[in-house]
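We begin with a single chain expressed as structure tokens, specifically the form predicted on its own.
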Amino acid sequence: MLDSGATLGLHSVEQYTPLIGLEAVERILQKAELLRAMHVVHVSSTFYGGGVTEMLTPLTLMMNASGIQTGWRMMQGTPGFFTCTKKLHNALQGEDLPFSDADKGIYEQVTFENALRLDVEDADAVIVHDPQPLPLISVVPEREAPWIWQCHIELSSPNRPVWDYLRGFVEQYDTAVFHLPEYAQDLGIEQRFILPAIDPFSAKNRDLTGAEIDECLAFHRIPLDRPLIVQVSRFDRWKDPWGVIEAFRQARKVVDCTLVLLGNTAVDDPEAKVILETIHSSADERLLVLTVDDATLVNALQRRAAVVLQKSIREGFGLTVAEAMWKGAAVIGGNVGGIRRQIRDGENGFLVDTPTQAADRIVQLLTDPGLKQQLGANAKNTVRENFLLTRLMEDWIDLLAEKSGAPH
């Protein structure tokens, strides 16, 4: 039988001491002590796939290990519901899409049904993530606890009619949280900004020996006779997999290499399977498309890659960028959204706007190993200083303490 104390130690703030220092650890724990009486509940659309899950999984565990009772509820949705919410996601990132009365009916009806089964009445704070569960607040009219909506989507230029519709729900919340100030909207409620972060001790991010990397890549039959170019992301049009493939093909004319596209098809993204099918049609012995659910494979690929790409054309933050940077990878990212907050062009990675620019940077990195090492070292320091989970937890503790009236 597992010892509960040892189990909690796997997700403790104290394990970050070598990374952030004892003073920061003690400060966070002192703040957490003030919220020990709180019961916090997060609500999202899935426990699997995407950056929200990547953050909430360790964040909820670490908050509980620190004495703050923290729950996590999931929306139950029909295929029609997730088709509607994917349409909302695309519209919020600027796509010109209609959201019909029929769409609104499905969206609101499924939300109402979820409100009947989600147990949040005894929570001292409710944090709702992204558009899928957004209307929940409208069917919980008598509430005393603060409700906070966090949007993880790139919201710099949303489709106006769709945003105006959603704003009617957003303004029922006490606070709206976005990743970046440039995502702020004209709202009648408080807006705050909290950047995402990674768990450096997860299977996806923990240190691996060279032997462990070799064994993992051999098991998945990843060829190592040429440099690896890797992109890890959901199969989503906004991640621009076609642009990645085009950049790879241009770069191969100069330096031979292998491209690995590794991703998943989350349950709340009905478009992913269609996109995956189109990408599969481009695969060959030097262009591998994988849908393996293996965090260690992600880790091994990012550590062994000569170049890591995240060539998004819209990106709320881009957690895979921080994950790769933490491993000392040379990362080429799309010059958009939250990627720009992580990568300083030419200092700890490269920012690009087109497949041709990406191809040029791939060639540059493959022909200059010293540059790769320099960028990678700077990238790891950037994550250590800005994007570790302890900073994210402290940001949430500060906000929750403020909303609950606790001293902080």
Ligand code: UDP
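Because the structure is a prediction, the values reported are computed rather than measured. Position 1 is the first residue in the sequence shown; the rest follow in order.
FYI, the form predicted together with uridine-5'-diphosphate isn't displayed, but the following is about it.
*Asks:* So in the model of the complex, does any heavy atom of E54 sit within 4.5 Å of uridine-5'-diphosphate?
*Replies:* Output for E54 is yes: heavy atoms within 4.5 Å of uridine-5'-diphosphate.
*Asks:* I'd like to know whether K311 contacts uridine-5'-diphosphate in the model of the complex, with contact meaning heavy atoms within 4.5 angstroms.
*Replies:* Result no; K311 lies far from uridine-5'-diphosphate in the model of the complex.
*Asks:* Would L259 show up as a contact with uridine-5'-diphosphate in the model of the complex if we use heavy atoms at 4.5 Å?
*Replies:* Judged by the heavy-atom cut-off of 4.5 Å, L259 is well away from uridine-5'-diphosphate in the model of the complex.
*Asks:* Is K239 part of the interface with uridine-5'-diphosphate in the model of the complex - any heavy atom within 4.5 Å?
*Replies:* Yes.
*Asks:* Counting only non-hydrogen atoms, choose the one of 319 to 327, 248 to 256, 107 to 115, 277 to 285 that falls within 4.5 Å of uridine-5'-diphosphate in the model of the complex.
*Replies:* Only one stretch qualifies here: 319 to 327.
*Asks:* Under a 4.5 angstroms heavy atom criterion, identify the one residue in P355, P58, G376, G50 near uridine-5'-diphosphate in the model of the complex.
*Replies:* By the 4.5 Å heavy-atom cutoff, the listed residue in contact is G50.
*Asks:* If you check S156, Q172, N264, N90 against uridine-5'-diphosphate in the model of the complex, which one has a heavy atom within 4.5 Å?
*Replies:* Looking at the other structure, the residue within range turns out to be N264.
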